[in-house]
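The chain that follows stands alone, in the form predicted alone, written as structure tokens.
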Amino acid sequence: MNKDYILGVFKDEESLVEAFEKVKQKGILPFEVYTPYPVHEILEGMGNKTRISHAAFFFGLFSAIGILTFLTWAATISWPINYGGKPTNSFPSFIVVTIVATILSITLLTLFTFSARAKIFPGKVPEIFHSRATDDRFVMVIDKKSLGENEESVNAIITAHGEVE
């Protein structure tokens, strides 16, 4: 992995957004931007759209179908029990269990999907660019490889908009 980065450290959101817009106008997209809270201009400007909600929908759909199929199979084929003349496939009794198990399945599968996608796993050593990156500072990380001949102009933009450190 390339370790040559330019760090722009800012005290406030306004100076970060201004510097981000000017760097983006140069045709350079920062490698990453770390903020203490979500900054919507940065999120939209980075262009990283997530599809985790689509995955969660399909996890829920397939989980509900699988759970209902299992409950129907268990009640009618595997272990049919006649309770006082009631039918073995009493669908309304499956609804509560299906809802709760579907919510559990969606939660766990989405957590695992997010963790795998973000490459978060136990024992991973985090790559920390700045010690106060998400405490009270706004940090814009730019890969020097993507700059080409624009390195001086990007440094000037970052310095002009309030580089703190």
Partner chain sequence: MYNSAVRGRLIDGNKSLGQISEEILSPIHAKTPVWWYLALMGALGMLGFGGYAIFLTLSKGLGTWGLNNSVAWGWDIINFVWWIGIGHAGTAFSIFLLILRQKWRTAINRAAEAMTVVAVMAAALFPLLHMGRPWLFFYIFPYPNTRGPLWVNFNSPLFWDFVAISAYLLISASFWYFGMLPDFATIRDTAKSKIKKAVYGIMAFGWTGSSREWLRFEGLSFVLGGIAAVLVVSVHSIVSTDFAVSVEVGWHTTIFPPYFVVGAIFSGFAMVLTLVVMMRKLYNMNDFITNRHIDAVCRVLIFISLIMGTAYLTEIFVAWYSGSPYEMYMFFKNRLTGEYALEFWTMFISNAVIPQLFWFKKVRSKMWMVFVISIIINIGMWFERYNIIVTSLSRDYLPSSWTPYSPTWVEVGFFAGTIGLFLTGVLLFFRFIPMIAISELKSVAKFDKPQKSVKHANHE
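Keep in mind the model is a prediction, meaning the values are calculated, not measured. Residue numbers count along the first chain shown, from 1.
Unshown form predicted together with the partner chain; subsequent notes refer to it.
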Q: May I ask you to state whether T110 is within 4.5 Å of the partner chain in the model of the complex, using heavy atom distances?
A: yes
Q: Evaluate P122 for contact with the partner chain in the model of the complex, applying a 4.5 angstroms cut-off between non-hydrogen atoms, and reply yes or no.
A: yes
Q: State yes or no: in the model of the complex, is some non-hydrogen atom of I103 no more than 4.5 angstroms from a non-hydrogen atom of the partner chain?
A: yes
**Q.** Residue contact check: F114 to the partner chain in the model of the complex, 4.5 Å heavy atom
**A.** yes
Q. Across 34-58, which residues bring a heavy atom to within 4.5 Å of the partner chain in the model of the complex?
A. Y34, T35, P36, Y37, P38, H40, E41, I42, L43, M46, N48, K49, T50, I52, S53, A56
